[in-house]
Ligand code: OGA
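Presented as structure tokens, the chain that follows is alone, the form predicted on its own.
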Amino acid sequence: MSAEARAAAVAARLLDGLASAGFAIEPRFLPPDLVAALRARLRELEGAGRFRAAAIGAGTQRAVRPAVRGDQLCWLDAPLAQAEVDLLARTEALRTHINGALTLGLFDFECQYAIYPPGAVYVRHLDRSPAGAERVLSAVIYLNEAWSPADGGALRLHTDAGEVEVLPEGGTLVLFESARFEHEVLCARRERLSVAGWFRRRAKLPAGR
């Protein structure tokens, strides 16, 4: 199967999941070599001191609360490494497929690296709020090597049909409606690495503009 045909098949599976259930899981969205390259880039940025503790809340209420959210973040910003260029080419192709099939009006994809130290969690929450309504689809792509069920650290989605748990195995993509599904990151016994992002609509202009 050619790379183009494989990409189309992956997009079709993801679209089926989004259309039928509002979420989709693709275990081999990224090949192992790209996962390894992104993991190496994450370590490079970590060594350069680019990661910061994640905060929750907005405005004057925004604060770092490790018991609620314990990860560290670094946005994918220019200049990009080649692995990041390759990743964004794949998410751009997926954005095009989604817009063509579901007409969601997705404009771009923003994303960040996330490191969860052993024992860190992110309690149940939604990715979209009135202050960030442009986020339409949430995406998590895992960069871990040789992850096992005993390592823990699953993403737990709270769906209409019950809880769905996804282990953070390297290369796996989880895609879901940002405003619909509460979710949480469970405690892991080892460091947990990922790229987390959002497919977004254009922000609405204020009234009168």
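In this text, residue numbers run from 1 along the sequence as written. Note that this is a predicted model, so its numbers are computed, not measured.
Absent from the display: the form predicted in complex with this ligand. The rest refers to it.
K.L.:
Would you confirm whether the three residues Arg43, Trp147 and Arg190 all fall within 4.5 Å of this ligand in the predicted bound form, going by non-hydrogen atoms?
P.N.:
Result no, not one residue of the spot touches this ligand.
K.L.:
Is Leu173 near this ligand? Define near as a heavy atom within 4.5 Å, in the predicted bound form.
P.N.:
Looking in the predicted bound form, residue contacts with this ligand do not include Leu173, since no heavy atom lies within 4.5 Å.
K.L.:
Is Glu84 near this ligand? Define near as a heavy atom within 4.5 Å, in the predicted bound form.
P.N.:
No, Glu84 sits far enough from this ligand in the predicted bound form that none of its heavy atoms falls within 4.5 Å.
K.L.:
Wondering, does Val185 line up within 4.5 Å of this ligand in the predicted bound form on heavy atoms?
P.N.:
Yes, contact at 4.5 Å.
K.L.:
Any of the heavy atoms of Trp198 lying within 4.5 Å of this ligand in the predicted bound form?
P.N.:
Trp198 belongs to the contact set for this ligand.
K.L.:
For the chain shown here without its partner, which stretch in 58-66, 45-53, 22-30, 177-185 has non-hydrogen atoms within 4.5 angstroms of this ligand in the predicted bound form?
P.N.:
Heavy atoms within 4.5 Å of this ligand in the predicted bound form occur in 177-185.
K.L.:
Need the contact residues for 109-127: heavy atom within 4.5 Å of this ligand in the predicted bound form, sequence order, or none if there are none.
P.N.:
Those in contact are Tyr116, Tyr122, His125, Asp127.
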